[in-house]
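In the form predicted alone, a lone chain appears below as structure tokens.
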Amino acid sequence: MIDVATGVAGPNEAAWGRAVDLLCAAKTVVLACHIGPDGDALGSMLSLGLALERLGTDVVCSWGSETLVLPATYAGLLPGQHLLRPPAEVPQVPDCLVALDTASLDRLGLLAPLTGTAKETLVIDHHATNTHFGTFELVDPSSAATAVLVAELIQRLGVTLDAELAVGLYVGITTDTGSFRFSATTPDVHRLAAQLLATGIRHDEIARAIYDTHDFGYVKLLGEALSRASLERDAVGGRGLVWTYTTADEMTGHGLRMDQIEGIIDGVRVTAQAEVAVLLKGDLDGTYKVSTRSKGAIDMSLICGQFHGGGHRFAAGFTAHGSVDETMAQLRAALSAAVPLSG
């Protein structure tokens, strides 16, 4: 399949066959996802890890931070957490490194050097901004989530999709489609979701854990962030911009971590008068983690790419090293010069 927006073709039969042969032949496999992992990265990685474990493969899962702290949303939800290891404990010369949901080498963090020591590096991803850093890849920008590709791979490996594997795959799909609201949600996505639900997983419990369960500190911080939200109707070529920010002191004062406050952007992006929504989240290192959303007219992956970030057309982010005012001035300029998408 060719993605109409990018002109990039997805994996063909030969690519799928090579991926299966590669993983079946590998005795040691390291699965790695991007730093600051989301539901698609974690769900894809752990489900594939469990599938490979069933095939008798020596497999570990990790991401490139010194200490692994699973986001609170997923800690009580995802099977396969026994496979997680910090970077210092993963095999340094594996037969295969599999990078999941990771568009560029730098997003592997401390695990990036493994691409130079692993015998093969397989990249499985759906970002249109993928830089093709592996020795082999299953990259499909038309795929709604990396979990969609992993589900196909698991079945091609001959492993039955049961409830244990389905949870992570469903988490990946529902998070990257915005609970099936985003335009990437195709009939095939719904068919795969139905196949996963048929294993007996509780989609209502998964949805509640991801979207409807927050610490009370989050509720307080959400109120503070929304109270200072700004609407700029003339920005983005007259399409409108809404934005707000949180500080590191507020985050820690409410007993929260960075992974617990991403959902604040959803409270901002509902603004009817704004095409683009922006949330700047102050971090402990003095930077701001910037989350952006578009309703369809602006490709936010291109905007955030100008600031060494990335993501998807309608949801992307980057790390800002300047102040809130400086960062917003730079974003306004980039958004003003953006070419609207045609469809």
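Keep in mind the model is a prediction, meaning the values are calculated, not measured. Don't overthink the numbering: it's just position in the shown sequence, from 1.
The discussion below concerns the form predicted in complex with ligand 5GP, not included here.
S.K.: Taking any heavy atom pair closer than or equal to 4.5 Å as contact, tell me whether residue 282 reaches ligand 5GP in the predicted bound form.
M.R.: Residue-level check for residue 282: no, no contact with ligand 5GP.
S.K.: Can you tell me if residue 315 lies within 4.5 angstroms of ligand 5GP in the predicted bound form, counting non-hydrogen atoms only?
M.R.: Looking in the predicted bound form, residue contacts with ligand 5GP include residue 315, since a heavy atom lies within 4.5 Å.
S.K.: Could you confirm whether residue 104 comes within 4.5 Å of ligand 5GP in the predicted bound form, counting heavy atoms only?
M.R.: So residue 104 counts as contacting ligand 5GP.
S.K.: Given that the partner is absent here, does residue 294 sit within 4.5 Å of ligand 5GP in the predicted bound form, heavy atoms only?
M.R.: No, residue 294 is distant from the partner.
S.K.: May I ask you to choose, among 239, 127, 269, 254, the residue with a heavy atom within 4.5 Å of ligand 5GP in the predicted bound form?
M.R.: The residue in contact is 127.
S.K.: Pick the stretch from 24-32, 42-50, 56-64, 302-310 whose residues have a heavy atom within 4.5 Å of ligand 5GP in the predicted bound form.
M.R.: Within 4.5 Å of the partner lies stretch 302-310.
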